[in-house]
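Have a look below at one chain only, the form predicted on its own, in structure tokens format.
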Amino acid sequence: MTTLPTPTPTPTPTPAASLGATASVTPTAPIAPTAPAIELRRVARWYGNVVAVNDVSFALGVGVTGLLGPNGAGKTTLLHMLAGFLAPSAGEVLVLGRRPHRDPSVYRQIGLVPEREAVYPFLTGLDYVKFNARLQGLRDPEGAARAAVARVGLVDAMDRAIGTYSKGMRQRVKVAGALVHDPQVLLLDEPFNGMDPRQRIGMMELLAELATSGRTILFSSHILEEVEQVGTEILVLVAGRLAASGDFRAIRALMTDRPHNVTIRSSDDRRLAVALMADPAIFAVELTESGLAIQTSQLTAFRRLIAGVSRTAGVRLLEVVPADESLESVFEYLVRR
């Protein structure tokens, strides 16, 4: 969180993939099949002079979106507003076209996996999930609970007390509890905490499967590799504000004040280096043991340029690989700027 005198709203830009911009939103209306499942409209949440979320707007449809930001950026507060635990101090939060705060009809369409250990250690895994099924008023809580437990791979341990579970197993049983009523919107706060590599892969596959079946999934994580493996859509919160949203590769393309690094292997790296240095879009060319290291300000123009330059120089291209198009490079840039 960050401390500010008062929240000061700023105009909300509209590009979906932009620096310091958010996706545009549409007026509330009866939900159409193409309507966003989640919308925030200039939302703020503060406690006295402490601002957790400030002037945040975005819209999400079907698919998986990663919620990123440093500790204290407001990620958990944002998820709790979407889950209906908190009302916004300003602006409007909509889930499936309705305000979730104190609206039980919305809760039945939301599954929440909190970061904190919100499980009773004396319950068995099956009992915990069955309890969630009963809270949701399901007709067959036993059958729904068993199906949810199987979905997260805990059948062998479902009759054991949760107090005997590892942290990764407790995370999975929380996911089962959130999925038991088959919600349209799934909110997960650091869902991969404590999971071993095999469990993480299984959970990533489950999230991808849910997205393919038409669910809207928003999950926070401080491990960038996890977000990159699950999907490309991201929201980046910095000091309570939305620093960027959209496909992280599109965001990287907009970072024009930071050179793009490209690695090239060719049939004659030295000759190709001489040819490339004549183009003004190339900042630097370095001949290394593994090929050419190129810095350019215009990646799209460079991709068009390289084919013609290599052909003119009589050099055959073997490999052209962007060296810093990762989510990590985007996140580092947004947090530091």
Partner chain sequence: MNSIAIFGEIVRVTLRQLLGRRRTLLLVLLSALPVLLAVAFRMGGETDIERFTRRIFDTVTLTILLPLVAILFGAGAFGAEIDDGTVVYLLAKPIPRWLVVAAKAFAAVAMSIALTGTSTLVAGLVDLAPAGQDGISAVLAQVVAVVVGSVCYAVLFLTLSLFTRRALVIGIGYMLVWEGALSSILPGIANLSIRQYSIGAASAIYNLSVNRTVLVPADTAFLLSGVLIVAALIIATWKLMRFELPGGSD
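Residue numbers count along the first chain shown, from 1. Quick caveat, the model's predicted, so the values are computed rather than measured.
Missing here is the form predicted in complex with the partner chain; even so, the following discussion is about that form.
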property	result
The partner chain in the model of the complex reached by all of H101, R116 and Q136, non-hydrogen atom within 4.5 Å	yes
Stretch in contact in the model of the complex with the partner chain, which is absent here, among 148-156, 211-219, 241-249, 124-132 (heavy atoms within 4.5 Å)	124-132
Contact flag, A87 vs the partner chain in the model of the complex, heavy atom cut 4.5 Å	yes
Partner proximity in the model of the complex: L112 to the partner chain, non-hydrogen atom cutoff 4.5 Å	yes
Contact test in the model of the complex: P191 vs the partner chain, heavy atoms, 4.5 Å	no
4.5 Å heavy atom contact, L235 and the partner chain in the model of the complex	no
Listed residue that, although the partner chain is not shown, lies within 4.5 Å of it in the model of the complex (heavy atoms), from S266, Q199, T76, N261	T76
Residue (of G168, G163, G143, G72) lying close to the partner chain in the model of the complex, criterion heavy atoms within 4.5 Å	G72
Residues in 183-218 with any heavy atom within 4.5 Å of the partner chain in the model of the complex	none
